[in-house]
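Just one chain is shown here, as C-alpha cells, and it is the form predicted on its own.
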Amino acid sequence: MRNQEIRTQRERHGRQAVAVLPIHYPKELLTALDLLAVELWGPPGPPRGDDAGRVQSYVCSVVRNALAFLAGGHADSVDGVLFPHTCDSIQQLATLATDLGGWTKPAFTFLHPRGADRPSARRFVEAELRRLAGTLEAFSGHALTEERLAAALALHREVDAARGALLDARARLPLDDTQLYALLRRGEWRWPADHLVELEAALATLAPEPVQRGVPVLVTGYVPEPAALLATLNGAGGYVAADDYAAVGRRVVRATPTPAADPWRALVDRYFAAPPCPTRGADTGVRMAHLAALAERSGARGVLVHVLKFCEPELFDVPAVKQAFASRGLPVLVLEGELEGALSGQAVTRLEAFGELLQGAPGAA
C-alpha cells in the first residue's frame, strides 16, 4: 500500500517521498513543501536483511529492523529519509545507515529538546525547524512561504481534530479496534488531505448511542504491533477506549492554542501542545496525570501497557504507570515485545486472563 501511494503521489502530483523514523517530527513542514511522509515503524516481523547484526542485540527492534530494511533496498522507492532524535539509538541510526548501511540517498535529522516548555526550548525548536526547512527546501525544489506553511498547519489541525474525535467517540463507531487502528495508521503514509477525507467519512458513521463492546481499556505503549493484539483484546472481552500509543494518540494535538499570526510561532506552539511523551522527556507526574485523565474520561476499567523490549524511554515510565493506577484500583497488564509479526501464545494467554479479570471487576460491562 505504501509503495502504491508513493507511486501515485509521484505520478499524479510530482511529489517526492521521505521515509521518517519514529516518533515526533514536523510533518507540517513536509506537507508545506509538497513532500509525502512515509513513516517507518520497524517494520514489524523479522529483520529484512543481515544489517540488523551491525547493532547490538540489546538495541530495540525498531532500530534493528529499520537498519536492515534500509540497507536491504526495501525503501528504495523513497527519495530521502528523516531521523528524528527520538532516542540515542535512532539518532545514531542516521550515521549507521549512511556510513555502514549502504543508504546513499539524502538523510535528514531533526532534534528537539527534552523537558518542559520554556523560552530556551522554544528558541531551540524554532531554530531547528528553520534549519530543517532550509534543507528540505533545497531537496524538494519548493520555496517555503508563510502562506504554504499556514495552509499546511490548518490542514494538520483538521486531521488532528478528526483523529481526536474518532478516538473520543470510540464507543459509537461501527468499527472494531483492528479496523479503527488500520484507518488511523493509514495516516502514517497517506497524503494528509486524502487521509482527512477517510477520517471524516468514518465520523459520519457514528451511532447516536454507544455500541456494546465490552470492558473499556486504556492502552499505552509504543506502536500497536502486531495488530493481532487488538483482535485478541476484543476477543477477551475488552476494547481500546483510550489510546496513548506513541504511534497514535500521543501525536494527536488536542489542546491546540489559538492560531498565531506567525506560522512559525504556530508550529512551535503545536509542538509544545502535544500530549506528554517519555521520548521527549515529559515530567513523570505530568504524564501520569494525563493518563489518569484519559482513563477517567473513557471510563477505562483496566490499563494495558504495551512496550518494546529495550525501549528505555518507555520502560522507565512503567513503574510509575503501575503505581499510578494501582492507587486507583485499576488492574494493569504489562506486555513487552519486539515488533513480532504475530502475537505469541504466552501473550494471548495473558491477554485472555486479563480480559477475565476485567470482566469480573466492579463496573465492568
Partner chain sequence: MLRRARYELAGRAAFPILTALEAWQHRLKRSRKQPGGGPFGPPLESVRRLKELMAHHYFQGRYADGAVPVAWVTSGFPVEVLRALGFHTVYPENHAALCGVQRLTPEYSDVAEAAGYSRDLCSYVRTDLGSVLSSKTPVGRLPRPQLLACCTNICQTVLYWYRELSRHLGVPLVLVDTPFVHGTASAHQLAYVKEQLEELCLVAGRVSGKPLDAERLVEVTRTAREGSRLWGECLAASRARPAPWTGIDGFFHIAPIVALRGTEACNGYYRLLRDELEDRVARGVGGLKEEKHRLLWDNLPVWFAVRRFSTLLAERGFNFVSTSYTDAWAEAGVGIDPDDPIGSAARTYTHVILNQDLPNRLDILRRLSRDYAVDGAILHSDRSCKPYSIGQVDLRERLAAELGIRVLLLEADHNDPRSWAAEPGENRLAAFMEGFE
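Numbering follows the first chain given and starts at 1. Just so we're clear, the structure is a prediction, and the values are computed from it rather than from any experiment.
The form predicted together with the partner chain is left out here; the points below concern that form.
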property	result
Among the candidates 74, 254, 105, 131, the residue which, in the model of the complex, approaches the partner chain to within 4.5 Å (heavy atoms)	131
Among the candidates 289, 151, 127, 182, the residue which, in the model of the complex, approaches the partner chain to within 4.5 Å (heavy atoms)	127
Interface membership of residue 95, the partner chain in the model of the complex, 4.5 Å heavy atom rule	yes
Interface membership of residue 274, the partner chain in the model of the complex, 4.5 Å heavy atom rule	no
Any non-hydrogen atom of residue 38 within 4.5 angstroms of the partner chain in the model of the complex	no
4.5 angstroms heavy atom contact with the partner chain in the model of the complex for residue 310	yes
160, 214 and 304 all contacting the partner chain in the model of the complex, non-hydrogen atom within 4.5 Å	no
Stretch from 136-144, 223-231, 96-104, 198-206 whose residues place a heavy atom within 4.5 Å of the partner chain in the model of the complex	96-104
